[in-house]
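Heads up, the chain below is alone and in the form predicted alone; it's given as structure tokens.
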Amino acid sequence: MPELPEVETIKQELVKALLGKKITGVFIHNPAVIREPSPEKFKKELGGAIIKNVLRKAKVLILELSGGKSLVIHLKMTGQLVYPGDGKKSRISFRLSDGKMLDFNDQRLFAELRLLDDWRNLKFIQGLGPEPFDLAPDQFKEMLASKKTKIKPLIMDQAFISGVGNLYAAEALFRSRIHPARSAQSLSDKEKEKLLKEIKATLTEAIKHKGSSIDQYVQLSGRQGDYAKYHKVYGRQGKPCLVCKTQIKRISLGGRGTYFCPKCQR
């Protein structure tokens, strides 16, 4: 957390709020989140840079800057970007040419900031699989054909498909009526097509509602996303299925908590 819908929401908001603005100051309150270069070089090279473009690759944000460098932001579990910020919780604050601050918050210091010459050379970026929106049904069916892996951990594997995490994998599998522990190769072609369709639909709806605030995620404004109230299974252990009234179960699968309906999902 956050997953593709949350990061896409922040990306869209950053485009509206920051494009064309200059970074006039960098205030480092905890350098642990800066992975490269050194904090001193990070601060010096960002000063005076203009934000030319904002991109998203899977769960990663990329701010392309004047001068050719890019600020790469991986929010991980607890990272936040807040604008305008007040500096009270920030690990790093960026003062912009409008006089306002962009705060980078991260309570548990899991997130990563990198200032790079070319973000495309980042090993993590190079290892990403295609995003769901870039896949055609036939391509998806072929990708799953020989996979013995359980379907839920597989669609969470960023090297296989990028951007889908624990929450939206659970929701898409419920909407597809597929048990999360089934092997990928056991799915029929019809089930594979349905799954890809529901992954895309779930992500699209979540983006529309500005993501799911179930942990530390907030929008750029600091407000929570609104999609959690539309969850069908995630976080609903012991509650009745919204389709058949059977109690939603939670199991551990691939080291992650997995929610599903034992009657609807086969």
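Remember, it's a predicted structure, so these values are computed and weren't measured experimentally. The first residue of the sequence shown is number 1, and the count goes up from there.
A second form of this protein, the form predicted in complex with the DNA, is not displayed here; the remarks below concern that form.
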property	result
Contact label in the predicted bound form: Ser213 to the DNA, heavy atom within 4.5 Å	yes
Any non-hydrogen atom of Lys11 within 4.5 angstroms of the DNA in the predicted bound form	no
Any non-hydrogen atom of Val82 within 4.5 angstroms of the DNA in the predicted bound form	no
Any non-hydrogen atom of Lys245 within 4.5 angstroms of the DNA in the predicted bound form	no
Heavy atom within 4.5 Å of the DNA in the predicted bound form - residue from Gln139, Ser186, Thr149, Ser97	Thr149
Site check Pro180, Pro240 and Lys263: each within 4.5 Å of the DNA in the predicted bound form by heavy atom	no
In the predicted bound form, segment of 129-137, 191-199, 172-180, 100-108 with a heavy atom within 4.5 Å of the DNA	100-108
Residues of 241-260 having any heavy atom within 4.5 Å of the DNA in the predicted bound form, listed in sequence order	Arg250, Gly254, Arg256, Gly257, Tyr259
